[in-house]
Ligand code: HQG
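Have a look below at one chain only, the form predicted on its own, in structure tokens format.
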């Protein structure tokens, strides 16, 4: 959806209630910029000369310069993308910005572990991965951590990135934590370093 700002209604997504708000970035460009921002902060910022510290933070001004040059949008658009991001992937603090999770670069985002974690979590994947996961467990692969969802539906949506009918695993998070593994809540996503096979159950949907 479009993102905008209104003097009366404030920042909005979709449309302004009073009808007088200004669209800062439309839905199509929002999607493109959001994906690029995610990649910039998680994976390839160094290719653009972006300096990202050990906790994932970098200068919002520098990010704006890169995105402005590439997509002709400014700080207001970036702040709106961050605020209304449904996956809660980003955060801005003290003129700095970072991705909360999903990095392939070496960062430590300092999230608390094993607090307010549901007893069951879920993971969506391509059906071709089922056998190896049942035998070897869930591994980070190209990411730094394994990503888990709080609901089956969320896991299905994630899994649809890889297959039209994804396979869904249920993770016994309570037992996983009791066995000494760390689980972290990062926005809407939960992460861990590894899930052994004994904590996994393939769901029949």
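Computed from a predicted model, the values in this text were never measured in an experiment. Numbering follows the first chain given and starts at 1.
FYI, the form predicted together with the named molecule isn't displayed, but the following is about it.
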query: Using 4.5 Å between non-hydrogen atoms, is residue 70 touching the named molecule in the predicted complex?
result: no
- prompt: Though only this chain appears here, would residue 129 touch the named molecule in the predicted complex if you measure heavy atom gaps against 4.5 Å?
  reply: yes
query: According to a 4.5 angstroms non-hydrogen atom cut-off, is residue 51 in contact with the named molecule in the predicted complex?
result: no
- prompt: Does residue 120 reach the named molecule in the predicted complex, with heavy atoms at most 4.5 Å apart?
  reply: no
field: Answer option from 40, 173, 168, 158, heavy atom within 4.5 Å of the named molecule in the predicted complex
entry: 158
- prompt: Among 24-32, 174-182, 137-145, 61-69, which stretch sits within 4.5 Å of the named molecule in the predicted complex, heavy atoms only?
  reply: 137-145
statement: Checked 62-89 against the named molecule in the predicted complex; residues with a heavy atom within 4.5 Å, sequence order, are 87, 89
